[in-house]
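Next comes just one chain, in structure tokens: the form predicted on its own.
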């Protein structure tokens, strides 16, 4: 049976099978450690019965309560190719949403490549909608043009009027994001 547990420092040396996916953003070890130190409850791993890591979610809480922008943010969600289509991504997202709900968040947001239609469709099935397009959010590495992202959001129960998910009518640039 799959177990969902807190991500640990040791997992940093065991999750290459997940991060080798070309659509998964890979960060330096200090970045992951920062998340483990500041938001450990938002860093969850799915582990197979034999101990192999199947997927993980990494996020944080951020924003302003006064402006009703306090929210959970999904920094990374990835499932190893051999473990996809089992509902793991949905379960990991559900856990992050529950944590954000308990912390009094108004919504959960994430950024996803516009070209990653499989992920966009999955997030829509989970109740997320496109809040805005962020132009040239993802840097290209091989001379290709930078890629746009969707900022997708899902309102939580604290946002009774669903103000946090009213789409912006125009795209924004990365430097315009708070």
Partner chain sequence: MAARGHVQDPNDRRLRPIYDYLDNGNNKMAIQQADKLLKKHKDLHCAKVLKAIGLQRTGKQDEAYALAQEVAALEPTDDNSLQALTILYREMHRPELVTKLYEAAVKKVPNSEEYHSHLFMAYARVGEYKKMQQAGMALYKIVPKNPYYFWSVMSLIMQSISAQDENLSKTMFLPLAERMVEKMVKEDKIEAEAEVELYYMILERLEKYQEALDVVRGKLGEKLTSELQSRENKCMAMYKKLCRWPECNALSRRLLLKKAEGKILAGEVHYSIEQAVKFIEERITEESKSARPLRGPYLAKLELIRRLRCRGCNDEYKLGDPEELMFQYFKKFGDKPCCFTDLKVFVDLLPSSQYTKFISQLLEVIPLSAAAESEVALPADIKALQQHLCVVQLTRLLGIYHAMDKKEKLTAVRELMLRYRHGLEFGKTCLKTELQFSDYYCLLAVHLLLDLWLEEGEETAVWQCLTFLEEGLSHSPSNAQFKLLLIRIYCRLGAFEPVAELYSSLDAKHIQHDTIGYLLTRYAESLGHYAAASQSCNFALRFFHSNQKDTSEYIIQAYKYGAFEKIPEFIAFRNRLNSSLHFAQVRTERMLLDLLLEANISTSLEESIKSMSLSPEEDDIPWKDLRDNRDLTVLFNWDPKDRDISEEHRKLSLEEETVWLRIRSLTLRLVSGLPTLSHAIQPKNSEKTAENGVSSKIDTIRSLLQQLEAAVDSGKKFLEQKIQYPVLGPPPTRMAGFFSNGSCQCQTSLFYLVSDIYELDTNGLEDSAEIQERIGNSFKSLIERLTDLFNKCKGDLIEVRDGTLKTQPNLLENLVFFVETISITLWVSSYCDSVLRPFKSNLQKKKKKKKESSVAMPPVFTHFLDYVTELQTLTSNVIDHIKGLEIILTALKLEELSLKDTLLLQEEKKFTKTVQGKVQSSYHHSVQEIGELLKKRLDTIKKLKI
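Numbering follows the first chain given and starts at 1. Predicted model, so just to flag it, every value in this text is computed and none were measured.
One more form of this protein exists, namely the form predicted in complex with the partner chain; it is left out here, but the text below deals with it.
- Here the marked residues 69, 139 and 175 all miss the partner chain in the predicted bound form; none has a heavy atom within 4.5 angstroms.
- Stretch-level contact check against the partner chain in the predicted bound form with heavy atoms at 4.5 Å: of 149-157, 128-136, 55-63, 38-46, the positive one is 38-46.
- Although the partner is absent from this view, residue 166 stays clear of the partner chain in the predicted bound form, with no non-hydrogen atom inside 4.5 angstroms.
- In the predicted bound form, the partner chain sits beyond 4.5 Å of every heavy atom of residue 111.
- In the predicted bound form, residue 161 stays away from the partner chain, with no heavy atom inside 4.5 Å.
- Using a 4.5 angstroms threshold between heavy atoms, residue 79 stays clear of the partner chain in the predicted bound form.
- Contact residues in stretch 57-87 (any heavy atom within 4.5 Å of the partner chain, taken in the predicted bound form) are 81, 82, 83, 84, 85, 86, 87.
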